[in-house]
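What follows is a single chain, given as structure tokens, in the form predicted alone.
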Amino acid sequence: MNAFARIETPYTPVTPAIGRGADRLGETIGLAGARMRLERNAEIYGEGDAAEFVYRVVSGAVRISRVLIDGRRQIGAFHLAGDVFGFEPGEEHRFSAEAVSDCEIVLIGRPALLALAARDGELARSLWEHATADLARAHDHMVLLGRRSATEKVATFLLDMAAREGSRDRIELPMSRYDIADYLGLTIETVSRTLTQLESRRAIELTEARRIALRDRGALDRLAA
């Protein structure tokens, strides 16, 4: 059976929607935080570093990753403009954060942010919403890594990026195919081959190296469902 015909349910990201309180968090960090400009591949923090700050992406993209004991890299998340990252349950970062491309971030001290949240109920709700959304996204990623074929993984990733960029038919990827491979638990050769296969089936069109037109969202939905 053609893989595109197996499931009819459209793909919808299940990460909980972040409500109005999330705007409060972004506004607070933007107003009270310090801005930094980073070049591509610059480290923001490393695994084991003290978790002293919370960060918001103003422009560009950030990857959260860890190098495994055998030397392989696993990317756990990508953060795009508007995303907040750097929350930790403990006192140290469990992953590293790096700039995917030239980017600008805002950072605020964790104690200062928690002190503000203690006096501001809306900000406290915002922190909770972000924490639960990050947890749900981590669960989605775990399922993606463990229970999907390469084609399903790539289709799901493309739809998720389109949703995050607010687009239905075109995406511009800030990350390389090497980054995508390490996020999806695939080799770069598999990612490139899968994109070519999706293009040959007319599900997508590779207009440029990192620009992709979604020509048949129904086909992608059926793969990602």
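From 1 onward, residues are counted along the sequence shown. Model, not experiment: these values are computed from the prediction.
The following text describes the form predicted together with the DNA, which does not appear among the structures shown.
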- Are any of the heavy atoms in Arg193 no more than 4.5 Å from a heavy atom of the DNA in the predicted bound form? yes
- Query: Would Ala150 count as touching the DNA in the predicted bound form under a 4.5 Å heavy atom rule?
  - Reply: yes
- Given that the partner is absent here, does Arg40 sit within 4.5 Å of the DNA in the predicted bound form, heavy atoms only? yes
- Message: Ser59 versus the DNA, in the predicted bound form: is there a non-hydrogen atom within 4.5 Å?
- Response: no
- Look at the stretches 170-178, 43-51, 23-31, 154-162 and give the one with heavy atoms within 4.5 Å of the DNA in the predicted bound form. 170-178
- Task: Between 182-196 and the DNA in the predicted bound form, list the residues on our side with a heavy atom within 4.5 Å.
- Result: Gly185, Leu186, Thr187, Ile188, Glu189, Thr190, Ser192, Arg193, Thr196
